[in-house]
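The structure tokens that follow cover one protein chain in two forms, given apart as structure 1 and structure 2.
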Structure 1
């Protein structure tokens, strides 16, 4: 059959088999965020474009080339949200959450949209799960969020994930560092192509995480931002490392780790896997103490991380981790003869009234074998067979499809037994 339509580039259909994994993961995510004291928030899928430009930075790729922007009928410029932090911060301010006990700890699970070329582990619509702790400058907050992320991955069964940690210091640190870095790179301008020369002007920090082989030695010997940290920033960074050590969270320092969003300061981190190809980051986040003030609120420190659900599922496949929550129907009813049709329907709705997952073949095909085969294919654990024999004795035949044993028992007994599980 020739289909007229298919999903837009970079999007996927979330099919039942995928959702079996998704739901099992989401369950653990919800459990852990609750255990760590976070509450759920969701924001609209689109916001005023201005919000993203202001927060992520005009020169950031997310804003300059990846935004899905449209004008609504009222002439407003709106954009599908490319990331979660700025909408959550907007919601925090708009709903006066600064009047709640601080810090306010929020988690989310919501779709994001970025106009990018799709690639392994990268989509145009993807779903991010993440947390934001707003209102705490405490190093404990950094540690607790990283701790949450790692417990999550541990519970999912991951082994061999790496945490990369760095500190970007405060604004003054970065200004000072930038000047130093530019001076350093200027000595190697001959090795830079046009693209990198432009980058050097716009955002020299980005050169640090280059994949260009011939630039790597130069980057290797570049000044390190951690050597420029203020006393306060250095204390914060060292205390965090101590906390992580205290709680046996392994990490490696990576002074070349810079993140793509302009609002970060001090702590930044990424969780990476070596089995994902070029897109190796499973989660990323950091501290953004200046963003709330930038949005018109009182100066308020904050820390958070975000991570991609689809990439997580992709990573779990690569790590051979299997997790799923069956969505198969539990009981399949088989009407063995047409005289039993009415009774079969009655039993079905009795079972459903008792909230036992059950179904039947709406075509009421005569062949028992065909109906049983359908039951098996649908993954039902039990079949209940009803024919003239059962009608006479007022019993039902309960067949365990796994052990292939069957017995004749009454409906109340079946209900009692299935509900006990």
Structure 2
């Protein structure tokens, strides 16, 4: 059959088997964020475009290439949400969360949209999970969030993931560094196209994040930002490293790590896997102490991280990790004879009233063997068979589809047993 319509490029259908993995991961994510004291937040799927331009930066790939932007009927420019931090910060300010006990610790699990080249585990529509801690300048907060991320991956079964760590310093640090970086890159202007020449003018740190093979040797020999750190930034970075060592979290310093957004300062980090090739990051984040001030609030320190759920599931497959939460029905009801149809339906609704997952063949036409075969294909653990004998004795036949054993038992006993399980 030739289909007339297909899913748009960069999107997928989230089928039930995929969601069985998804729900198992989400369950661990929600439990762990609760353990660490985070509360859930959801923001609108679209925001005013200026929000992302102001936070991510005009030269960032998100703003210059990847925004899904449209104009509404009122002539306002709106964009689908490409990342989670800016909307959460906007919500923090707009809802006066600065009046709550600080820091405010928030987590999210929300769809994002980026017009980028689809890759394995990277989609134009994807779901991002992440946390934001707003109102703490302590490097303990940096360590806590990194610890949360690594605890999450450990619970999922990952082994061998690495932390890449860097400091972008404070404003004083970056101003000094930018001057040195511009002087260095000016020697290689002939190797830059127009896009990179613009980055050099607007924000030369963006060049350090290059994926262009011909520019990587140039970037490799560029000055290191850690050589320009102010006393305060150096102390913050060294104390963080001490915390991570105390928590036995292995990390390596990567002085080229800048992340893809302009709002970061001081600590930035990525979690990487050695099984994903060149694009090896599965999570990343850092400190963004100046973002709230950019949005009109008081200077407020903050730290967070985000990652893609689809990318995570892809990474789990590469690491041969398979956790899932079954969505199969637990009990399948079989009407052995036509006289048992009504009783079978009555039992179905009794089970559902007790919140026991159950189903039946709505046609009541197949023989018992075919109905049991369908129950097995649906992954049911038990079948309840009802025929004239069961009607006469006011019992039900409970069949364990795994052990192939069965017994006659009353409905209250079945309900009690299934609830214990």
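For clarity, every value in this text was computed on a predicted model and none was experimentally measured. Positions refer to the first chain, counted from 1. Rigid core: the largest C-alpha set superposing within 1.5 Å between the two forms.
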Could you point me to the form predicted in complex with the RNA, 1 or 2? 1
Per-residue C-alpha change between structure 1 and structure 2, residue 129, threshold 2 Å, rigid core fit: no
Using a superposition on the rigid core, decide whether the Cα position of residue 215 changes by 2 angstroms or more between structure 1 and structure 2. yes
Calculate, from C-alpha superpositions, the turn of the smaller rigid part against the larger part between structure 1 and structure 2, rounded to whole degrees. 13
Per-residue C-alpha deviation between structure 1 and structure 2 [residue 187; rigid core superposition; Å]: 4.2
